[in-house]
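In structure tokens, the next block holds one chain alone, the form predicted alone.
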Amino acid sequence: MMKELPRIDLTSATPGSEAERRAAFEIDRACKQVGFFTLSGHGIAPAVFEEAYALSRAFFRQPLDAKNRCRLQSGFTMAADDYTPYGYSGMLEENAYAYMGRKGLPSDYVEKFSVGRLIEDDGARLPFSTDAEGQRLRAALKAYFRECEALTARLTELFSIALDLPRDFFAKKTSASTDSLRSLLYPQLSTELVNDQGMGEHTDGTLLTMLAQTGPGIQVKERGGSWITPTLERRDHLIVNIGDLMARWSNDEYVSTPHRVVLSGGERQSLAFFKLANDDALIECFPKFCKDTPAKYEPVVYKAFSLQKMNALFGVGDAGRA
């Protein structure tokens, strides 16, 4: 039984080096075994994490009416069918089970502040407060978002090495992807809560997800059915997992593994970055995994794949946004 996730260190994995190839195949092995690994040596400065944690925490400490003024409202720059989340959402407002098509199960005890690619445009009208603290939060999340974009570009290059794909394969497939970042606060477990569900069991619909956390909470379901509680040596290390999109691309050779968040004796923060694909990207089996085994899935355009998932999460039908 696996007790810890595979550990990947990118410190020496410079482009073109033997260390880069080793890292690529270590990631490949981890994606086939459990779909998760922990990551160090990624090059993001610890201060970038700490600024995002601290300013997010200050935001979540505000009264509810102040947080509610930072919800996504009509008039912000969003397409009708764009589910990239922006702004505040409160506890019990989302349900990870619904995202998996499982109805009638409890919702999640977690608060979130979310942004997408528009955070990189200082002129975009987004639901941050206009005071100094709101603008500092915007700057901190923008800095973290940009670092995540750069790091996922590096990771997908490593994927391409192990998958026998052109080095720029994923760069072309993700150049305009509607990636998102969510800063999350999980409450302390108490008798006032009906259960310890920070987030229900689910898989991600992503190409890959990168998670930073201030303490244990996420649990990963290994193949035997038991739960692994990953630990990180430092708050600026990351937990990385592949999602349903990558599993589909790899003909399920890469595992999109169920995971959940369990509340504990103290508050916990996390920063979750979701890397997606371009809306028009065709998702079909990588040649490496279809040589000897028939493709399990029909090719699908990413936008259709994504909308089905997000409609379930937000509880609407095919007509569009709630």
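We number the residues from 1 along the sequence you see. Computed from a predicted model, the values in this text were never measured in an experiment.
Here the subject shifts to the form predicted together with a small molecule, a form of this protein not shown in this document.
Contact with the small molecule in the predicted bound form, defined as a heavy atom within 4.5 Å, is made by none of 51, 119 and 145. When the small molecule is considered in the predicted bound form, residue 218 lines it closely, a heavy atom lying within 4.5 Å. Contact annotation: residue 261 falls within 4.5 Å of the small molecule in the predicted bound form, judged by heavy atom distances. Taking the partner from elsewhere, residue 186 is found to have a heavy atom lying within 4.5 Å of the small molecule in the predicted bound form. Although the partner is absent here, residue 268 sits close enough that one of its heavy atoms falls within 4.5 Å of the small molecule in the predicted bound form. Stretch-level contact check against the small molecule in the predicted bound form with heavy atoms at 4.5 Å: of 228-236, 155-163, 124-132, 204-212, the positive one is 204-212. None of 272, 44, 255, 30 but one reaches within 4.5 angstroms of the small molecule in the predicted bound form through a heavy atom, and that residue is 272. Note on the partner interface in the predicted bound form: the residue among 137, 199, 115, 245 having a heavy atom within 4.5 angstroms of the small molecule is 199.
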